[in-house]
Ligand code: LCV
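Here's a solo chain for you in structure tokens, the form predicted alone.
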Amino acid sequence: MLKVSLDDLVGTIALDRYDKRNALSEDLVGRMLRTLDSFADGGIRVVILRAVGTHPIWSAGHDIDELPIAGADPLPYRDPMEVLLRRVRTYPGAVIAMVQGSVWGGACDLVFNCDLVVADESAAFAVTPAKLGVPYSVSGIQYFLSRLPLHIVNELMMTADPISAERALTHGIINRLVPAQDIESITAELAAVIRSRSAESIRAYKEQARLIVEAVPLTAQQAQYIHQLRLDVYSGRDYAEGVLAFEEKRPPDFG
């Protein structure tokens, strides 16, 4: 499911499950978490997250087959995917996403949570909960709004349609848009530059930036209201219909 390599304190994690379009199953995510823990313990300063080979899809996102039935929160705090996103944000070094192909759903959230993104012209990004009737996680919305203008987040969330690599560059979703034949060398060069800088300075900066981004106070009443909004969605008709339609390979009928 993964190919892992190390080179001078730069670690690479490559998704290798293309028979399932690199869907982020609990097993795959668990392996990624263990690898990140191993990298952190080993003092790996830069992590490159990529997919093996060149395919139309970088990752299809959260494994839909593992979403719970209606009435259960599809993205609880301890969901492995939510744990992975937090681990990427708190990794004590830079995490670079190298993207070739389209990125869907939870994989889009994963890429957005990386510290830097390098992509080629084939990249595209789609956030798809509105196609499944899934309530998006509060932390995910917070992170999107900290990085992107509200109207771009609205488009991603409300249409569930992909944004091209060129538009992603314009809106700051990616750092560098490069030719496909150069993406590996450019990503490696970027990692080498970061590797040569002060690990202590980068670690402190990243943790400070994370805390500042997450410092959005909510009253207890607001937090309860947000929980109720999510409960209403994952207990409602649309979530059940969205998952059923996906399993039956047909467009959902949201009425």
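All values derive from a computational prediction rather than experimental measurement. Counting begins at 1, following the sequence as shown.
Below, we turn to the form predicted together with the named molecule, even though it does not appear here.
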| query | finding |
| --- | --- |
| Among 163-171, 101-109, 177-185, 85-93, the region lying within 4.5 Å of the named molecule in the predicted bound form by heavy atom distance | 101-109 |
| D65: touches the named molecule in the predicted bound form, heavy atom cutoff 4.5 angstroms | yes |
| 4.5 angstroms heavy atom contact with the named molecule in the predicted bound form for I13 | no |
| The named molecule contact at K20 in the predicted bound form, heavy atom, 4.5 Å | yes |
| Contact flag, A60 vs the named molecule in the predicted bound form, heavy atom cut 4.5 Å | yes |
| Listed residue that, although the named molecule is not shown, lies within 4.5 Å of it in the predicted bound form (heavy atoms), from A124, C114, I152, V134 | V134 |
| Residues within 4.5 Å of the named molecule in the predicted bound form, restricted to 225-255 and counted by heavy atom | F246, K249 |
